[in-house]
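Taking the form predicted alone, here's one chain by itself in structure tokens.
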């Protein structure tokens, strides 16, 4: 049994126990269960209530019948047999070509494929299990291979690194001019009688649906409207600030704020939030395909195989404590750095924007970004259970930093171009405001509240002490009067 199967069986056992406890609580027991005493029922109710309190409110209930089919087995021996047969065929039956470059390419590809076969069958499972755990193990191994490729490029000279890209595609390794998105920024150009709105139609390229789809997927990763909007607006400010380095960032004002932020990005975030609302309300009840009697139910079950196995609503709560605040700032920073690497990396490696390697990199981050965000959230939300950062989150962070180091090494002149003074003033003011708010929220405010609480307790303490003294003196006076009265009565008795 694989790890994912053990998880499903554990989840089914928990759900079965919860259902049994619910039957006990409701008083509806099956015929096979012996009737319990009132004390036993109270004990079960107390235990289930304690477990329900410990369960996170953001996690949905999952019901699984625990069906273990051929699709969910590991197939380690099958993969090992097929891989061995392929290597035996190449060694004994195939004649090795005399082309050194071809043999080098084929050897590298074969090495990567063997590593992927090992990782898909033997790597550790992550937080996602749908459509299949092997799918996410595959992308984990691709992350390792991509990081090794970046390390190799980082250790080359600038010329050798750019010329090495020709081994991947002979069309690469040639400097390409960047397209300028600025120029004439008139929405309505009266000088052009044939098409006065030609500036708007010229901006309607493939990046418009890419913006929408990209922010739809990013919303599914981050699962928070405020963080998505902050990252969207911040990236437009970065394009304003860095347009002196990359001509690709030079866009018209309406292209920045109307087409990008208000239309494409906001619409993608809105659709993403609606999808998140549907996923959070969707019932997660899983049943084996062969246990479903109708064909309609089987087709529905196959379609739902590509939806999450369970759902956790992200509650980042950045202002709750300093640790979460710094974590959210780090997530925003890494998101923005990964976005900038998309433009700078193709600029320094001489890759056109429409090249398939650029698209493959985006597809790669789409598949690994969601897993990384889930692992970061688990590590931040429950550090007692998740004692270390997840493997995919660690790799994504390393890849982002390595890409930036390649950009820094291959074209330091572009990155060190002097930033305009007005832009520097704006960024300095923004960083200063964030720093002041951090000091006020997590240090000065807490010290002030602690001082007020201590002062309030000190003011209440003398009042309580006076009350105790007052009660003591009253009791003493009463006892004194009783003693005095007693002594006077004895005197009267003696006199009599």
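Positions refer to the first chain, counted from 1. Quick caveat: nothing in here was measured; it's all calculated off a predicted structure.
There is also a form predicted together with another copy of the chain; it is not shown, and the following applies to it.
Not one of 439, 448 and 459 places a heavy atom within 4.5 Å of another copy of the chain in the predicted bound form. Using a 4.5 Å cutoff between non-hydrogen atoms, residue 152 counts as a contact of another copy of the chain in the predicted bound form. With a 4.5 Å cutoff on heavy atoms, residue 129 does not count as touching another copy of the chain in the predicted bound form; it lies far away. Shown alone here, residue 409 lies within 4.5 Å of another copy of the chain in the predicted bound form, counting heavy atoms only. At a distance threshold of 4.5 angstroms between non-hydrogen atoms, residue 123 is in contact with another copy of the chain in the predicted bound form. Residues within 4.5 angstroms of another copy of the chain in the predicted bound form, judged by any non-hydrogen atom, belong to 155-163 and to none of the other stretches in 259-267, 155-163, 308-316, 235-243. This chain is displayed alone, yet in the predicted bound form one of 76, 425, 275, 291 has a heavy atom within 4.5 Å of another copy of the chain; that residue is 76. Listed residues 80, 281, 419, 362 were compared with another copy of the chain in the predicted bound form; 80 is the one with a heavy atom within 4.5 Å. Scanning 105-134 for heavy atoms within 4.5 Å of another copy of the chain in the predicted bound form gives 106, 107, 108, 110, 111, 114, 115, 117, 118, 121, 122, 123, 124 in sequence order.
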